[in-house]
Every structure is written in structure tokens, then in C-alpha cells.
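Single chain ahead, by itself, as C-alpha cells, in the form predicted on its own.
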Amino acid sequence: MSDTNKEMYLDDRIVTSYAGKTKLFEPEVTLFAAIKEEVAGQPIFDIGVGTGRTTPFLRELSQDYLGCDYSEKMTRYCQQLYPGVKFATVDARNMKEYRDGQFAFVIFSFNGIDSVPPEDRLAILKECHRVLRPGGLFAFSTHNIEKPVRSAFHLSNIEFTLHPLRMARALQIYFAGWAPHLRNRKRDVFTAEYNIRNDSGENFTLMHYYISKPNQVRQLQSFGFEDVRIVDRQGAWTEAATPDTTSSWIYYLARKRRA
């Protein structure tokens, strides 16, 4: 991942930040319902597991489950939270620990794939394809280039409240985002295929990859995926050609071509 993102994800505070997230997002509810019969009892690989938000829901689909993360702090937390469940610290760019065609379902949730440089993203897609069995399913979420990104200075970033202490805290967070945004927005990248943008992630401390639905479908097809399906932020199935300026990020479900 980029140096900016790596520093944040290896910080002890990131575990606390993610630990409060325990529910599925609406697109994941839709997606898991669609695949549950196909992947039931089959080997599942949960990449970028974080603090194990998706773990209990995926283990309802199959007990043959493995969760991994780039951060050892995350995997240690997961192991303590779910004793007896398999977790590993893994670099998704090179997953040599796992054999070709080992998994029936691979998932990289919550836009984790957007935290790495573009060339590393392609390496991750290649590895996800490799460890999937022919006909296996791959799901991941990624930021939507059509959704406008607010700057740190936008007043909508403030969570207004009548409670004086909470309001003071909200203002403190708002102003704290200015410095990292001023520093990081100089690193924004705009190309015909994708953008790299400083957004509100961890209060404007992160840089994320953004891509359109048609370009993401083409990217997946170039790695040997087919039958690409798309779920918007609200959990509804949608098409690549359908404009979407409301979903900050989008889920994709693709199948590895059968031999």
C-alpha cells in the first residue's frame, strides 16, 4: 500500500477504529444471499479481514474459512475474538502460501483493495484469480469515480448537535482534517482509467483508488473473470452502463472462467 496508507493501517489506533464495525453493509447482505447456496461448505478466503467484521457471516456460509490481513495487529485481534478460527498475516500482492485453485470464494471487502498503488492493485487481482478454482467467485468493493468527493473544508463534514461537548468534539475533528487534506490532496492522480483521491477516510489521512463501473468490469475481464455483477451502495443490483452518482463505493461479483 502507499506509504501514507501503510502508516495509518499499521497504527495501533486503526484496530480501535475498525473494532466498532460489526454489521454487514447492505451490498454484502445482497451478495451473500445470492451466493450462499453455491459456496455453502466450500473453502472461503476473506482478504483484508480487518477486525473480523465479515467473519461470523461468512462462517455461516462455510466453516472452511480463512481470514487474512496485511496488518498483524488486525489478525492478532481477530484470533483473540474468534479462537479456533484460522487467520493469517498475508500480503495480498503475493500469496505464495496458497496454491492455485485453492478457494471457491474469495472476498476483499470494505474497499481494502483501494489502499494500494495501481500496480499493486493489479497484482492483487492476479493473485485472487490464481487462488480461485475455475468457476469460483470473487467479490470486492471499490470506490466509485462518479461520486463527487468532498473536501475537508465542506461544512457537511461537521456532525452538528445541540449537545455542547459533542459539538465541540465534532468541530475538533472537522478542523483536524484540514492539515492532512492540505498535505494529501497534492498527491491526487487523475487518469483516463482511474483516480487516486484524498477522501474523508480516517479524517482525510488516506489516499484511495476510484474507478468507474465500465472500467472496473474491463479490468476484471482482462484478468480472466467473467459474468461480472454489480451491487450499489444501497444493496441493489445494477448495470455497468447505469450512471450512479450516489454510491461512494460499489461491490463487484465476478466468476473465474472455467477451464
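Quick note: we count residues from 1 along the sequence shown, nothing fancier. It should be emphasised that the depicted structure is a prediction, and the values quoted were computed from it without experimental measurement.
Another form exists, predicted together with a small molecule; not displayed. Remarks below refer to it.
Taking Met74, Ala152, Ala104, Ala139 one by one, only a single residue has any non-hydrogen atom within 4.5 Å of the small molecule in the predicted complex, and it is Met74. Note on contacts: among Tyr174, Tyr98, Phe110, Tyr82, the single residue with a heavy atom within 4.5 Å of the small molecule in the predicted complex is Phe110. Residue contact check for Pro27: none of its heavy atoms lie within 4.5 Å of the small molecule in the predicted complex. The closest heavy atom approach of Arg53 to the small molecule in the predicted complex falls within 4.5 Å.
Proximity of Arg93 to the small molecule in the predicted complex: non-hydrogen atoms within 4.5 Å are present. Remark: Asp199 does not count among the residues lining the small molecule in the predicted complex, judged by a heavy atom distance of 4.5 Å or less. Contact with the small molecule in the predicted complex, defined as any heavy atom within 4.5 Å, is confined among 225-233, 62-70, 31-39, 210-218 to 62-70.
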